[in-house]
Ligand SMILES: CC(C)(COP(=O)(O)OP(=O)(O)OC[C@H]1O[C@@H](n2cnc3c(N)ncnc32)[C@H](O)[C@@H]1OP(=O)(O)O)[C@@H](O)C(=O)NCCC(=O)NCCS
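So this first bit is one chain, no partners, the form predicted on its own, shown in structure tokens.
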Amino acid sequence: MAAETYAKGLEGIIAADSSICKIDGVNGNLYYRGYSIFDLAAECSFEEVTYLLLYDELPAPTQLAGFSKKMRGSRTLAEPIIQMVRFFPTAAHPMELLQSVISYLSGYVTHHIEHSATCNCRNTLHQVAQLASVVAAHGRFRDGKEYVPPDPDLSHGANFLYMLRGSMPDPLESEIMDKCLLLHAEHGFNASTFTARVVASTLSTCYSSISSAIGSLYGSLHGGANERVMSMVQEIGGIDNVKTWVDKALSEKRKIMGMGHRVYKVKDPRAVIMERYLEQLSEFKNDYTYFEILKELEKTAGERLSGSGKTVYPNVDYFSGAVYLLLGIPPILFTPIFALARVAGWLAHILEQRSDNRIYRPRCQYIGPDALEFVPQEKR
């Protein structure tokens, strides 16, 4: 009998083949279906990348036009869903709303088909299109404002900002928001994606699979790091305080949020691109406060940690929170934005899982007692 392999948390274990995403942690690159994230961010929209993830190829102009029309036509929320968002408990986190509403959405799909053998998820696009509408509506309701219907003439990122704000965003803001969604659309077998595939492997619906992925993303070890980065920036207060703050944080063995990644051994390629967006927005808003603090923190932390034999670099969360704040997005919506972007990757993985399915059934290593003698209740 072959020796059994054990890895806590399945770390390093290859659980499936996938053609969706390649992470080059050594050289600092990320590929969707073989295309570099640098090229995709420079040339593509979120809708085009969603097509790539779902159909395994970049669309021709006519294909993209048809796909965009269908995706934009799927953004409108049914009135009962709007009311669910409106009256969801205000004390609840919006990620709890998303996990609940994705199942509710399934009841409002035209010609909804229940199980995966004939599932039409790729055709309806309701999960990808409507999560953004739900997050924007929730943001409006939290501020005591009314629901803003989607605009089919806008890109996915621009429409999200429009529905959230109630006014037309600037073209630069629109482009950056759309690119931010693109950068978060996929990232291999992370916890939420693996969760989606596990549920999909039971031949559950794509809605149930995505709901489970949202629950996984809600965990503090997976989503929400960019929110904690901005709390750290607020604590630092100004560029002149960075060195003192870093020395104190390291002496207290505190983690510098947004620095380091489990896979990338160099700077996260998404952070490289996101940094550029932050600089552009800072110039546009004439406010370099966040950019200057983050760059000085990156430099100082790198110098201090390299002296102790460690090398850490920013990941995608390091700059994204500052970008969102400059776009007028409150921190409570940061993780939901991650979800409304990553849903494209989740759906791609669900479909791939079903194409050559085998239910996930790992074993555990039992460490409890063996063969205890049973004691009758009256003798315990």
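All residue numbers refer to positions in the sequence shown, first residue = 1. All values derive from a computational prediction rather than experimental measurement.
Omitted from view is the form predicted in complex with the ligand, to which the following refers.
Stretch-level contact analysis of 41-49, 58-66, 339-347, 312-320 against the ligand in the predicted complex, using heavy atoms and a 4.5 Å limit, identifies 312-320. Scanning 304, 243, 265, 276 against the ligand in the predicted complex with a 4.5 Å heavy atom cut-off leaves one residue, 265. Interface residue among 197, 261, 72, 138, judged by heavy atoms within 4.5 Å of the ligand in the predicted complex: 261. Looking at residue 254, you'd find a heavy atom of it within 4.5 angstroms of the ligand in the predicted complex. At the 4.5 Å threshold, heavy atoms of residue 239 stay clear of the ligand in the predicted complex, well away from it. Using a 4.5 angstroms threshold between heavy atoms, residue 82 stays clear of the ligand in the predicted complex. Although the partner is absent here, residue 77 is not a contact residue: none of its heavy atoms lies within 4.5 angstroms of the ligand in the predicted complex.
Of all the residues from 205-234, the single one having a non-hydrogen atom no more than 4.5 Å from the ligand in the predicted complex is 225.
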